[in-house]
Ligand SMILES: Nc1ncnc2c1ncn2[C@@H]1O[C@H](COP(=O)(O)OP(=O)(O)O)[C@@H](O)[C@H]1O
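Take a look at this one chain, the form predicted on its own, written out in structure tokens.
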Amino acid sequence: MIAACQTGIARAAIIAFDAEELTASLVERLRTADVAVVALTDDDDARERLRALGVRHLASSAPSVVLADEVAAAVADLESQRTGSLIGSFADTSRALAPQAPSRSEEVEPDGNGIVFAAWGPTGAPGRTTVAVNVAAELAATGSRVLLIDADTYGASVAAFLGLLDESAGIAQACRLADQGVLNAAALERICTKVALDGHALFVLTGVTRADRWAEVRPSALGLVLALARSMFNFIVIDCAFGLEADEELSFDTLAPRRNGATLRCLELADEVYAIGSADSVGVPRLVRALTELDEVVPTLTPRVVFNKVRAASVGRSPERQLREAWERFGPSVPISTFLPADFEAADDALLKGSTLREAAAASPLRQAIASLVDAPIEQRRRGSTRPTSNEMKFSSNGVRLPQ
């Protein structure tokens, strides 16, 4: 069926519903090939899943005339979606099969009111996780409902940054349920780990526990997780991996999962992307090349350039001025948005305690610069003001949090 649909000879696929095989990944692949999907089932639970997957469905005993009308409606739905928005994803290797190329003027409408921030940058540890964790902490401290997602499929580290002894790989659980069409608000909140920050809760969706589990974070399922998260949280902050290359683009097996697909889907759906680079002679050219590649693979995106670890020792006197002048001469057209000063002592102290900069070093210039990224209020936290919530314990000696 998949092979026939991708040849272009079919307009619709009628599937006798199978709980194990009909997933969000399969539905998206067929729609990317311009094929509508209609399912036949008599099970009430199956109908709920099909509604969650956005698939039209009928009873198995439906008359042929009714089935024909439903197929026509499904094809019309697909046509209207193609006219109003992008079909498929930049994370999908079979996207080239779609007859309509993306345009910079087209935008994907969000499924909820939540705002999605993505922290991304080239290889070389420019500080993606540091920025993501502390941006989420600053937003949560304002009283907003915030979800922090570790979508790094190469080296997930959000749990380690926050001192969480959680090996459950929350993002893999959420994507598995979303792919099956059974993820709801209660399930997503149950999967999340709660961290207390100045009396407010930060929800964390931990990353994969081993690098070889990257295939569990499928782009189509991750898109459904983000769509649900938009309706549940005010802000969603994503820690993305560095990779952008089409690692399966030359493969004939277009159904093969892509390790970089999760990063591409997050960048594609984010409302704001922080492109983070190290402010040194290695990090600057890496960021320049990465931004060029980013513009090629996700042309609808305009990132905010953030230079991290800014210090005179690696750039020279007046580092911000020198970086800005060099960027204007040799960098891409995207201007520098923010400079984050190097404060290794505060960053190391926060990492050692398993806490955020807001908790460990409220007066740190790095913490204040990160807070200004999201216009969060900056105030000095009184020592000892943070208390654990009812569902976790925090050990004052090392800052490790254990969910109860």
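Start at 1 with the first residue shown and count on from there. What you are looking at is a predicted structure, and each value in this text was computed from that prediction instead of being measured.
Below, we refer to the form predicted together with the named molecule, which is not included among the displayed structures.
Student: So in the predicted complex, does residue 125 come within 4.5 Å of the named molecule, heavy atom to heavy atom?
Tutor: Yes - in the predicted complex, heavy atoms of residue 125 and the named molecule come within 4.5 Å of each other.
Student: Looking at the partner-bound form in the predicted complex, is residue 54 within 4.5 Å of the named molecule by any heavy atom?
Tutor: Answer no; every heavy atom of residue 54 is more than 4.5 Å from the named molecule in the predicted complex.
Student: Quick check on residue 336: any heavy atom within 4.5 Å of the named molecule in the predicted complex?
Tutor: So residue 336 does not count as contacting the named molecule.
Student: Might residue 374 be said to contact the named molecule in the predicted complex, defining contact as any heavy atom within 4.5 Å?
Tutor: It does not: once the named molecule is placed as it appears in the predicted complex, residue 374 has no heavy atom within 4.5 Å of it.
Student: Select from the listed residues 308, 206, 260, 220 the one whose heavy atoms reach within 4.5 Å of the named molecule in the predicted complex.
Tutor: Contact with the named molecule in the predicted complex is made by 308 alone.
Student: Using a 4.5 Å heavy atom cut-off, which residue among 362, 351, 40, 26 comes into contact with the named molecule in the predicted complex?
Tutor: In short, 351.
Student: When the named molecule is placed as it is in the predicted complex, which of 43-51, 29-37, 340-348, 63-71 ends up with heavy atoms within 4.5 Å of it?
Tutor: Result for this chain: 340-348.
Student: For a quick check, can you give me the residues of 129-143 that have a heavy atom within 4.5 Å of the named molecule in the predicted complex?
Tutor: Going through 129-143 in order - heavy atoms within 4.5 Å of the named molecule in the predicted complex - the hits are 129, 130.
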